[in-house]
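Below, in structure tokens: the form predicted alone, a single chain.
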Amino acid sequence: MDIKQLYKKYSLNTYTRLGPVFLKGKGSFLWDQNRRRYLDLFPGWGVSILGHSHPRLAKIIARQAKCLIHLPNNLFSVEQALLAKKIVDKSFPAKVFFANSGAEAVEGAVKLSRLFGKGSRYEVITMKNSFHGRTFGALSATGQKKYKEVFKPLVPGFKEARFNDFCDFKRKVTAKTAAVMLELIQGEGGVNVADKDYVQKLYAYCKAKNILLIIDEVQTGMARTGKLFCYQNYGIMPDIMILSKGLGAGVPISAIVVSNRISGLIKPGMHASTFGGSPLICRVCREVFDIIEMDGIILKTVKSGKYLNERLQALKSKFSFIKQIRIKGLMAGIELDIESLPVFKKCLEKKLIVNSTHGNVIRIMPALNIEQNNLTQGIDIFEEALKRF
């Protein structure tokens, strides 16, 4: 059976798929149809924070599937309630809504900002080079023209400010501004890290002007940056936090974490999700939290992130076409003077999976529990690939 031909014949052409057909994953490795092994330093597009097919997650999925898989959200679910409590206990006083994807959660956060603005305030300021998702509201919030141009007209009420430019942000604020939505690290935008001074000024300004601060932690949440949530690196507390990707470590889930200050705005019937927060998915997510805590994942992330930074800085001094290394925890962007896609392809030839983003950036986001010898092996292969350029 030719799997690639089946894709060509039956799947909508929305992705540029490259490489072999994969059959199996374990930890930081994937195996293709020909039993060739690939080292994956970008597992699941940053989703699989505990690697592929973690044995504890596989066991929990099987056990919970025998008990209860799905339950409609007009009934009470033990697992959903316990997961909501876990998230709040680990973040800030809030209430939680569960959905299935980061884009869905962004849409819900935007709706909450509209409720907060009560009609007279409805504008949301986002940042240039941001990425918030592909659905219409999330796409309208995204600060990258290449994703939006062919779908105009978009949803009104969004304005863009320059990232890390507090003065430009203030210039965009009007009497209609209800919220600002911010990625503390712009992943799809090239792994751009927010300055602490900028974030704290923005936070203080929003508090003074009664503007909601929505922090999009779809990529940065769940220990990726050396803290459980990235906002904890900045000494702030958001009004709304958006989680997805690593929250499920491979299963589809997102969460809108809404501060108690504004959680009472939304009433029954105003928002819903058929599949959001099923017992199966929530049980897996609770196990993800337990593994992060019991296996010391945050400390491992800090240690591995320091090592990764040292290795990448050494490569920067060796290869003149590496312009900059941007890294926090185990989220790294290598900005090049050349296009990054050929570098990605060369790595794939050498059985290493990384990511090409923003035209000239290689993104590395390995599993947080990756063994150091595997990380070393990956950077060694990456260096060999770079020699071709």
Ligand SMILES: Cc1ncc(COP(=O)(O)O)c(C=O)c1O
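Numbering starts at 1 and runs along the sequence shown. Computed from a prediction, not measured in an experiment: that's the story for all the values here.
Separately, the form predicted together with the ligand exists; it is not shown, and the next lines address it.
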TODO: Flag D239 as yes or no: does it have a non-hydrogen atom within 4.5 angstroms of any non-hydrogen atom of the ligand in the model of the complex?
DONE: no
- [ ] Indicate whether the ligand has at least one heavy atom within 4.5 Å of a heavy atom of G277 in the model of the complex.
- [x] no
Open item on the list: Does any part of G108 reach within 4.5 Å of the ligand in the model of the complex? Heavy atoms only, please.
Closed with: no
Task: Interface membership of E188, the ligand in the model of the complex, 4.5 Å heavy atom rule - done: yes
Task: Residue among L112, L228, C206, A103 with a heavy atom within 4.5 Å of the ligand in the model of the complex - done: A103
- [ ] Sort through G305, G248, G143, G133 and report the residue having a heavy atom within 4.5 Å of the ligand in the model of the complex.
- [x] G133
Task: Stretch from 67-75, 214-222, 121-129, 152-160 whose residues place a heavy atom within 4.5 Å of the ligand in the model of the complex - done: 214-222
